[in-house]
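What follows is a single chain, given as structure tokens, in the form predicted on its own.
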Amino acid sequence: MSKTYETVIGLEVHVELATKTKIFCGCSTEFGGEPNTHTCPVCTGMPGSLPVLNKAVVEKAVAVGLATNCTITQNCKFDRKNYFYPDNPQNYQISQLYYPICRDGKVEIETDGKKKFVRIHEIHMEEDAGKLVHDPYTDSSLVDFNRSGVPLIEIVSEPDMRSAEEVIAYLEKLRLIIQYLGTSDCKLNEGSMRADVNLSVREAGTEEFGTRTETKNLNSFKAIARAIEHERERQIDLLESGEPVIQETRRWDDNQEYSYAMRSKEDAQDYRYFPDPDLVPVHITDEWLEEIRNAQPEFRDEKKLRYKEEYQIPDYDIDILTNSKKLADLFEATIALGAQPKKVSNWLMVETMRLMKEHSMDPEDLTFSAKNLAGLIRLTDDKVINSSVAKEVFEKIFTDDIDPEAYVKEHGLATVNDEDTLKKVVEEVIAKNPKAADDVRSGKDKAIGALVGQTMKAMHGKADPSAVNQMIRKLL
């Protein structure tokens, strides 16, 4: 009889903080840029250079800790983690081992209608390393230190997850919390959120953990899910064939859907941690902590309840809108300018989503303003333009954030409301389509659609379809 195995998963999630400057120097944290242009003696590890802590990093780390129900370590300090690697300019990384800034937190996740808590062991602050760029043509590696010294928090969970679905639910929850805080954009494709998966398997019903491996190089939720399934199967196959699982760090190749061993997994003693002598301890006063707590935003769960009560829109709409802080902010700002909630929701849920898909964009990449969306809704409410023209105008708002009123005026897109003009065009259409006209007279209501279409075409779309419909009925 074959054994049943249980997967045990814990995550180390690295999040780049959205500060303007690096953690210990004044260099820019902006993504991209020519290699080695966002650098200085501090973040390139030059002898004699001294780090100075960026206050905003502490505030953002504490904000994430509070939002994930952690205890804040009000007296904490930095340690040196010693390792030798080409992208690590000082040959050590400034991190926190002994007194991490946040401890003992938890977040609630839901999968298949069941809720559970995933505990957070700790969150610590640290600096990012540089980036190695491997060139297959010259068989060499180049180092870009632009990322070196970019502030990170590392969120270390307890091994509480049991499936890829739970891991993705946990990551999505963390990402939303952090995006709502404005602490990071959490773009996996740009490396501002990265997850390392610690996974082991054990026979179902046993208490003891199996030997874990750590899988790196995971830059999308789909890659994470695939890597988990692959590693689970790999470990089960080893155990079934009587071979041991080796504690090691593995690298995931998403194109090949295969992982390979990088190095044996280090333990804390291998890094020879010791307190950083160049940095003073961090003291977070009660007043400072309270200030950060009072600045916490309304998070998704509270927002969902308020939307239901305040705006009376469907649960489906609420789920989609609150799943992105950018969409939620646009929604609320447009309503504040006088637009009806359901109409705003429809524009965001239908046309915005369609165009985002066409342009391969995330909600965070949207650039149009609430002012221009509200202006467009006002033009349709006042019947200045019809729905098809509104969609055309919205496409320009979406790409160029144009003023809808000025655009409609400039391009002559306003609906023709002159009854005499409309009557004249409808009479001509009826004369040219005698069969459709007879069908309408004999009670075949569907035939009216053809006459409406012909009239709209003759008026270059600048008519109100309902007014056209009424005129046709009146004349027939």
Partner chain sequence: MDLMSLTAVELGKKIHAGEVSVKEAVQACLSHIETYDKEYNCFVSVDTERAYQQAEEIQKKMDAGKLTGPLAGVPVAVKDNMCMAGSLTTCSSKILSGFVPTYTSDAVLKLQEAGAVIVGKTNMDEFAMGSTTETSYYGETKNPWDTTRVPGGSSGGSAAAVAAEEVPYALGSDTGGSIRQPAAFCGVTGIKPTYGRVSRYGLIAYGSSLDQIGPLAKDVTDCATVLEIISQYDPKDSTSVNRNDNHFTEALTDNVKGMHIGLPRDYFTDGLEPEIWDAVYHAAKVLEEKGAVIEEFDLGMVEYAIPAYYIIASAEASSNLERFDGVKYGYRTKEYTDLHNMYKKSRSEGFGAEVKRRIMLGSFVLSSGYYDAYYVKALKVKAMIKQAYDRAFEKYDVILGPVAPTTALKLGESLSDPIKMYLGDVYTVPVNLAGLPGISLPGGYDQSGMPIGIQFVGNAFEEKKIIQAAYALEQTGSYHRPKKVAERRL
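Residue numbers count along the first chain shown, from 1. Please read these numbers as outputs of a predicted model, since none were measured by experiment.
Note that the form predicted together with the partner chain isn't included here; everything after this is about it.
The candidate spot formed by 52, 273 and 280 is fully in contact with the partner chain in the predicted bound form: every one of the three has a heavy atom within 4.5 Å. This chain is displayed alone, yet in the predicted bound form one of 220, 367, 71, 91 has a heavy atom within 4.5 Å of the partner chain; that residue is 91. For the options 111, 95, 82, 346, the one in contact with the partner chain in the predicted bound form, meaning a heavy atom within 4.5 Å, is 82.
By the criterion of a heavy atom within 4.5 Å, residue 35 is excluded from the residues contacting the partner chain in the predicted bound form.
Mapping the unseen interface onto this chain, residue 46 counts among the residues with a heavy atom inside 4.5 Å of the partner chain in the predicted bound form. The partner chain in the predicted bound form comes within 4.5 Å of a heavy atom belonging to residue 86. The partner chain in the predicted bound form is approached by residue 145, whose closest heavy atom lies within 4.5 angstroms of it. Contact annotation: the partner chain lies within 4.5 Å of heavy atoms from the stretch 74 to 82 in the predicted bound form, the single such stretch among 206 to 214, 74 to 82, 346 to 354, 169 to 177.
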